[in-house]
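Look below for two forms of one protein chain, each set out as structure tokens: first structure 1, then structure 2.
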Structure 1
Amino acid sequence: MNISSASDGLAIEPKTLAEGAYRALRRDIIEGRLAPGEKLRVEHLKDNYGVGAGTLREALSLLISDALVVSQGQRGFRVAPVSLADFDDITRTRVMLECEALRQSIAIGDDAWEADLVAAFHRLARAEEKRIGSESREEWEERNRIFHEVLISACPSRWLKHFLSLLYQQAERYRRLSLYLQPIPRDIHSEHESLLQAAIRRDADGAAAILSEHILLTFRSVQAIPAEQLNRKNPA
């Protein structure tokens, strides 16, 4: 896996107006500027995002595929709701699949995989040091995603990695809430470092246990957020 090219993905310009609107809407949904359950009125949003109604509907259709927007037939579109039951399902499924993928990756990963993993961790650690403001949070979120992808990159199952990519995306809104509100104290850097060291030692059982707790801690963090905050619009 080429770490530098993967981490530059956010800088790639959108190829079409619909892709640009999709990215902007997706970012605003994930970061809470568009609240869970909020009605998405095409006639208002097309001006906000600087595109025509047809282009905006195309972008919203892509977001339906991402399960971030729901269609209400003739009544238009809404931001998909969030709930602890939904996140619990995402979390438990992710733990089950990602721990298995990590075990396979540790068993098969070669020296190049190990070098990529160390590089991904160090890039993540640098982003952790400056995680202040929205741009720095974006950089950290991207590098966090890459670190988790590299951990399981030696797993030979294409479908397992595909399903995990979908689950990671679905968890993103909840993870952002956890990072933004910080309802329980965590040292995420130490969590990642422990995971890295176990993987390098080729301790599959230990790494799987650390990864499971790492993912479950995010659920517990979201669980500690009051319900009114969970569904509130983020003004940031």
Structure 2
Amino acid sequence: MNISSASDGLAIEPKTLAEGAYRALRRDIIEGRLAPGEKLRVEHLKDNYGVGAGTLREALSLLISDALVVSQGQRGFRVAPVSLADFDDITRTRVMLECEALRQSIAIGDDAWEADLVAAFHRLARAEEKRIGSESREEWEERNRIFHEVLISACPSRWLKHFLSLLYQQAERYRRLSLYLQPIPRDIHSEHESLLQAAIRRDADGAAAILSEHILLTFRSVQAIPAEQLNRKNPA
């Protein structure tokens, strides 16, 4: 995920095998099919992803930038480890940056932005209605991400948005590692709704407060999970 890929969510076909392997690996790490700390043997993985050794190595190098993979000198690659302290850091940093981006977005956003926001909220609400089965779970995750993305889309700082996409990705990983099979709590809908209304009302302070609480709540729900579960591998 380099900085210029602002429209990262769109389903653009990968133009190269390395990029395809990169995306497949990223997905498998975020969704927990590759456990935190797990060793990533090139010779073994190249078969699973159907690419050569050099190509897979290139994909792994790209994942280092996302902090989803770590490499130690001459000892190969590993899935990045997880810890509550790390998620705490991610959460705090994300609260700070996302609130700032939201304030800028509210200050600058025009009618088109409002329209996009309403549309994104509507799609999210639709996905919340039929939130049974892992198929629709995937859809909800995607639309939730887009809603948060649109919220800050009017912020003019590319770097701020780049950092936030990295942090969101990290946070999603923690959520999935702990809550994969749990249903989505009901009050998330109303949180999103009041967030939308505050944004349309151009109430920057109110929106920022709701957003902070929203992000912190996710952290607290993960915090309640036994630590060992974080390091377990999720079923595909």
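When a residue number appears, read it as a position in the sequence of structure 1, where counting begins at 1. Here the rigid core means the biggest group of C-alpha atoms that line up within 1.5 Å when the two forms are laid on top of each other. Note that the coordinates shown come from a computational prediction; the quantities given were computed from them, not determined experimentally.
Remark: the form predicted alone is the source of structure 1; structure 2 originates elsewhere. With the core superposed, S71 shows a C-alpha displacement below 2 Å between structure 1 and structure 2.
A displacement of 2 angstroms or greater separates the C-alpha positions of R158 between structure 1 and structure 2, with the rigid core held in common.
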